[in-house]
Ligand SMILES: C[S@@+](CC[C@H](N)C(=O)[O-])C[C@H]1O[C@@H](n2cnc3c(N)ncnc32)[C@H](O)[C@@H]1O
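The chain that follows stands alone, in the form predicted on its own, written as structure tokens.
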Amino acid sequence: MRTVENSLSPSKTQAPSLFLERMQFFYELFPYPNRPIFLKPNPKGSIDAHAGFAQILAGNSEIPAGSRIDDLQLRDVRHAFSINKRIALVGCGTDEPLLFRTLHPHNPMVAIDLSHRSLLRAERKIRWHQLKPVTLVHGDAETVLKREGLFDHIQCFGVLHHQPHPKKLLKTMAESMNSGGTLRLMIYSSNGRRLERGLQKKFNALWRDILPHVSEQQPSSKMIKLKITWASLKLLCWRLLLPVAASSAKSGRFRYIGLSRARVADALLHPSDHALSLRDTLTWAGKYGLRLVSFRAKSYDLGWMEAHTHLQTPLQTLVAEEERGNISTNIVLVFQKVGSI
């Protein structure tokens, strides 16, 4: 398995971003989501993540006669995405390479992440399950995508929020797609992580201390690591005590985090988890030649909202609900590359 050089290295980048260096520092400490190595995803339960599913949504491949979107089987979506088409995983973490290699056993695949430690764990998982290697690239996504050629499908889940310039990364992803290619994007709703962001603010001063010490060469970096590790352990204890110390509603609100220190840190200790406007994201996508073909999110009042065709009216409803702060889940968007920038 090939691991490309770190594009954040001073020898490779004239002006490394302190924002991205802080992000890299965080994910080296807490590789995410870091599930146990022996757990293998069930491809039949992840059909909507398959690139062929996005191709069907985009109208590039037909649904089998007599079937509906909800009836699609793994064989149907694999048929819709040939094995020579390329896939990019932007901000892949420890687990996405395993999921996508399980879904796409033979496709050329490039997985990109700021954290070298996360990529090493991703590689270990793929080897453990004896799957075909994935090209793992250590660096920031903008730089890597520009040199890796064009792709037919890009997966980018919860990554735009952790970028110094999310608009630039979206533009780079659009430029890195073949015509007719698809982008599966997840963004947080403005209200969905409101409580998490409130807790994150309590550690702002701690993260400000990190900026002068992001280099491993600095002697105080060990003390900074210890402070962050101690903060993460306190948060984990808080999460463990929630079921007995808080109301069922509050405990249920954070149940999704689980009991992993990496997941607790990602949700409650994250240094750069800024809100992102759905309206702005859609405007940028349109400007960059991306056409929305599907969305899925849950409203407190309207329940699950999803659409795959005739998007105009329901999309307006989704945007209005998001601007009211009424979306309780992450928002999953699928785009098709239809034009040039």
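So that there is no doubt, residue numbering starts at 1 and follows the sequence shown. Please read all numbers here as calculations on a predicted model, not as lab measurements.
Here the subject shifts to the form predicted in complex with this ligand, a form of this protein not shown in this document.
Using a 4.5 Å heavy atom cut-off, which residue among P33, P314, P41, P64 comes into contact with this ligand in the predicted complex?
The residue in contact is P33.
Note which of L136, L268, A80, L114 lies within 4.5 Å of this ligand in the predicted complex, where distance is taken over heavy atoms; exactly one does.
In short, L114.
Looking at this ligand in the predicted complex, is some heavy atom of each of K167, W284 and L290 within 4.5 Å of it?
Not one of the three qualifies.
Out of the stretches listed (22-30, 41-49, 54-62, 295-303), which one is close to this ligand in the predicted complex, meaning heavy atoms within 4.5 Å?
That would be 22-30.
Applying a 4.5 Å heavy atom distance criterion, does F203 contact this ligand in the predicted complex?
It does not: once this ligand is placed as it appears in the predicted complex, F203 has no heavy atom within 4.5 Å of it.
Although the partner isn't part of this model, could you tell me whether D152 comes within 4.5 Å of this ligand in the predicted complex, counting any heavy atom of the residue?
Output for D152 is no: heavy atoms all beyond 4.5 Å of this ligand.
Even though the partner isn't displayed, in the predicted complex is S118 close enough to this ligand, meaning a heavy atom within 4.5 Å?
The answer is yes: S118 has a heavy atom within 4.5 Å of this ligand.
Residue-level contact is defined here as any heavy atom of the residue lying within 4.5 Å of this ligand in the predicted complex; does W207 satisfy this criterion?
Although this ligand is absent here, W207 would stay clear of it in the predicted complex, with no heavy atoms inside 4.5 Å.
Are there residues in 152-166 with a heavy atom within 4.5 Å of this ligand in the predicted complex, and which are they, in order?
Result: F157, G158, V159, H162, Q163.
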